[in-house]
Ligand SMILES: Nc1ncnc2c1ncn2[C@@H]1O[C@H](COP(=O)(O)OP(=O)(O)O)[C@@H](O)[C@H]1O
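Below sits a lone chain in structure tokens, taken as the form predicted on its own.
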């Protein structure tokens, strides 16, 4: 008969088990409250970090799998406790450490995360649809992806991705919801759709700063930002918070739209952000006979790309299903992967991820002092 394993051995076996929502080790986060062994039965008590409908089932199943192969254990029982105030503060400190003044650092200052700001010169060109479907397409490539809805006045990301759950707060750390493999945060979670947001510049600046510093982003490969149209306060604030952001400009085919879109690109260059490409939206409508009708003209995206000396990443057709998916929280890239728009968004994601990947390797551990 094999001797019963020690608590340390069992704890080591659990180090690879991630929190179902937070994505980091349950052991690392201090969520394994206790382990007891009696004969061949291990009883593990977990502290629930984010009380979703599935957290306990997912965590329990992973713990049982992890301990099933431990010699000397024939049965695993998993019990659950809620976070108390002291545990909540300790968990928040592990997720997002604060400095001596109690302030949280910008997690993207020395980060490998690529920040992609999706911009436009004016509203109504489908910028948010491009943001959502690009983010989902990047997630489908196996990337960790997050979306920040910085379009404070015209927020639409919660509706477009579908509100899986409201953000959850652990002490002062905001845990964003996730849908289709994409984490996302928006002022839309904190403001009424009917009333909107009536804030001056300093309030907008502070709100965006909190979204960056107080949200638990968990080091995504990509942070895709839905920028407000135009060149106002929010664009300036985002350039200050995320100075390594890369900009994709969205336009429609007609000449008037690409002229306005050029202003967004000019703004990006003035604040030293790199414009990496153009996406032309509403490029054509395909009739039942298969003919592509260029309702809004043609050539605007290519002309803008040539003026900016960047690639035209893709031309997206005007498709009712694309609009419907945005209205009901079912992005076409996820729900109709064989459709023409989904294939085009996947190609844009591939180009961003491969062709436009930075040639320089970012090494935060190497700093000039």
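It should be emphasised that the depicted structure is a prediction, and the values quoted were computed from it without experimental measurement. Numbering follows the first chain given and starts at 1.
Only in words, not in the display: the form predicted in complex with the named molecule, which the text now covers.
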Testing 166-174, 213-221, 280-288, 236-244 against the named molecule in the predicted bound form with a 4.5 Å heavy atom criterion leaves exactly one stretch, namely 280-288
Give a yes or no for residue 124: in the predicted bound form, does one of its heavy atoms lie within 4.5 Å of a heavy atom belonging to the named molecule? yes
Contact flag, residue 268 vs the named molecule in the predicted bound form, heavy atom cut 4.5 Å: no
Contact between residue 316 and the named molecule in the predicted bound form at 4.5 Å, heavy atoms? yes
Classify residue 330 as contacting or not contacting the named molecule in the predicted bound form by the rule of any non-hydrogen atom within 4.5 angstroms, answering yes or no. no
Listed residue (146, 160, 138, 117) with a non-hydrogen atom within 4.5 angstroms of the named molecule in the predicted bound form: 160
Residue within 4.5 Å of the named molecule in the predicted bound form by heavy atom, from 59, 342, 322, 310, is 322
